[in-house]
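Here we start with a single chain on its own, the form predicted on its own, put down as structure tokens.
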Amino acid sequence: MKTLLDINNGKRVKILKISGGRGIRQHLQCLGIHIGDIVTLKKSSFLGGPVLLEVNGFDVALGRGVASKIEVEELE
């Protein structure tokens, strides 16, 4: 299963699963990220730093630790 860290920039993905505890799921819900949402990965770098997503027309930055807990399916 791929996570957000495995996806190339500019790709659209569907969120399938959020691993982790209640705290991380609540944090992502506050940011508007839910299971089943379709988001676009705008920027992710090899050397670390945040992962930038477009969610419902808004840009959201996630740390790499949080991004590694979001399992996704790549869309065309």
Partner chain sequence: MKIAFIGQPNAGKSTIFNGLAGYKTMTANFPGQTVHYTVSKVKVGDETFEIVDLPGIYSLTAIDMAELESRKYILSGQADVVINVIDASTLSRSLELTLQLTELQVPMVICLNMIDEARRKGIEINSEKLSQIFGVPVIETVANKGIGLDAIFVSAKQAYHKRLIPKIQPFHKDIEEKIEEIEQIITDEFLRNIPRRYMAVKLLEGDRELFEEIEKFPEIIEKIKTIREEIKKTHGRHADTVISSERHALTMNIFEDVAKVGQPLKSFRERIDDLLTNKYLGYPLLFLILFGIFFIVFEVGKIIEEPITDAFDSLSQKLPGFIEENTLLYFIVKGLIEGFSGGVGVAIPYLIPFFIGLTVLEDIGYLPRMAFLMDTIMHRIGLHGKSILPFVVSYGCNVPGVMATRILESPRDRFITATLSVLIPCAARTTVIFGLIGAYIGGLAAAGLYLFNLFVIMILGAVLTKFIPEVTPGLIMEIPPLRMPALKNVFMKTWLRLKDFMLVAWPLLIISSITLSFLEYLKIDLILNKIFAPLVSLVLGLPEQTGITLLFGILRKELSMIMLFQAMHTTELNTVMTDLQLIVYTIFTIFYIPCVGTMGVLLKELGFKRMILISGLTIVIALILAVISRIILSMVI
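Numbering follows the first chain given and starts at 1. It should be emphasised that the depicted structure is a prediction, and the values quoted were computed from it without experimental measurement.
There is also a form predicted together with its partner chain; it is not shown, and the following applies to it.
Student: Residue 13 near its partner chain in the model of the complex, any heavy atom under 4.5 Å?
Tutor: Because no heavy atom of residue 13 falls inside 4.5 Å of its partner chain in the model of the complex, the answer is no.
Student: Taking its partner chain as it sits in the model of the complex, is residue 51 in contact with it (heavy atom to heavy atom, 4.5 Å or less)?
Tutor: Within the cut-off, so yes.
Student: Look up in the model of the complex whether residue 39 has a non-hydrogen atom within 4.5 angstroms of its partner chain, and give yes or no.
Tutor: Judged by the heavy-atom cut-off of 4.5 Å, residue 39 is well away from its partner chain in the model of the complex.
Student: Suppose contact means any heavy atom within 4.5 Å; which members of 5 to 42 contact its partner chain in the model of the complex?
Tutor: Those in contact are 22, 23, 24, 25, 26, 27, 28, 29, 30, 31, 32, 34, 35, 37.
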